[in-house]
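One chain comes next, on its own, written out as structure tokens in the form predicted alone.
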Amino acid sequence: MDFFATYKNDIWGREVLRGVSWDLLWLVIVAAFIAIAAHAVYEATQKREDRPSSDGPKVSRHEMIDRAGHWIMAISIFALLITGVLPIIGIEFAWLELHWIAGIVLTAIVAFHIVRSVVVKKPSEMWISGSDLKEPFDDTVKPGKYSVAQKGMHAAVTVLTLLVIASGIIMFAMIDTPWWERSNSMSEATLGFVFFIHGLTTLGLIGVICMHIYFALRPEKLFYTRSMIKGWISRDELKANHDPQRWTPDETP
């Protein structure tokens, strides 16, 4: 456990958990780099068909409200990582207020996304089914709107983000804000456990985000990134990458 956590003595002289060991940050970065390099080498050895054309008829993939939510979420997460991690590695600046403001924005946009996903959209679109698991091993099996890799990435980000938010809300209650004064109601041992969860899930997010950015910039995946900006993919891209029986999007106007 010492490799994953740091400890301190509380006011009674007892050893309690301080938080995650930030030496793990470099392990996460190196592991992400190795995974990215290995995948890039593997992809370079594969024979690929010509990429489908982005010209011609277009279909809608992401509505404006969902694209806006995605980018607000991305900006708030990057703001949280910058303000949370840079001081730990020795880059000092007035970070705390910026950090909790970004945390409030992230909490609000995640809550909105959850409500919209349940009330307006189809949560089943992101569930991993048995047929999804065949995709990596059978080229004839094409996904619906989201591939099994995209669903897996979404699940990982969801779990990590919810844990970051939950632990962050507890930590937020312990600091001075415009609405309340700092509270010392939580024991050092309990607060240390909260710090540990917050730090560990932050490290997990760093690794997942590194992979997400890599796949978003892969040449054969750039049409997905474009769809998160412009909202559409071409009919050819739909036919080449998706099963129209599992996802039938509307034509763009």
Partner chain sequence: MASFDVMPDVQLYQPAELDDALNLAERFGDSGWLVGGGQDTYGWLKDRAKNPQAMIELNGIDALSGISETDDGIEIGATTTLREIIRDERINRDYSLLAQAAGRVASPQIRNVGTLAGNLVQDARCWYYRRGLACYRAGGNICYADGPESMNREHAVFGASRCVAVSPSDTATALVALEARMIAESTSGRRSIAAEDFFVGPDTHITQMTSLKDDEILVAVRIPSKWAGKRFYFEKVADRDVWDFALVSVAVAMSMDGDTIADSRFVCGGVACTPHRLTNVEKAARGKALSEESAEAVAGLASAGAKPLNYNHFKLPLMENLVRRAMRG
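Given the structure is predicted, the values throughout are model-derived calculations rather than measurements. Positions refer to the first chain, counted from 1.
Below, we refer to the form predicted in complex with the partner chain, which is not included among the displayed structures.
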**OP:** Tell me, yes or no, whether A94 is in contact with the partner chain in the predicted bound form, where a contact means a heavy atom of each within 4.5 Å.
**Re:** yes
**OP:** Verify the contact flag for I175: yes if a non-hydrogen atom of it lies within 4.5 Å of a non-hydrogen atom of the partner chain in the predicted bound form, no if not.
**Re:** yes
Subject >> Distance check, R182 to the partner chain in the predicted bound form, heavy atom within 4.5 Å >> reply: yes
Original post:
Applying a 4.5 Å heavy atom distance criterion, does E188 contact the partner chain in the predicted bound form?
Top reply: yes
**OP:** Just give me the single entry in G69, P52, G207, G192 that has a non-hydrogen atom within 4.5 angstroms of the partner chain in the predicted bound form.
**Re:** G192
**OP:** Select, from the options 95-103, 154-162, 72-80, 122-130, the stretch whose residues sit within 4.5 angstroms of the partner chain in the predicted bound form by heavy atom distance.
**Re:** 95-103
Subject >> Non-hydrogen atom within 4.5 Å of the partner chain in the predicted bound form for each of A108, H113 and R116 >> reply: no
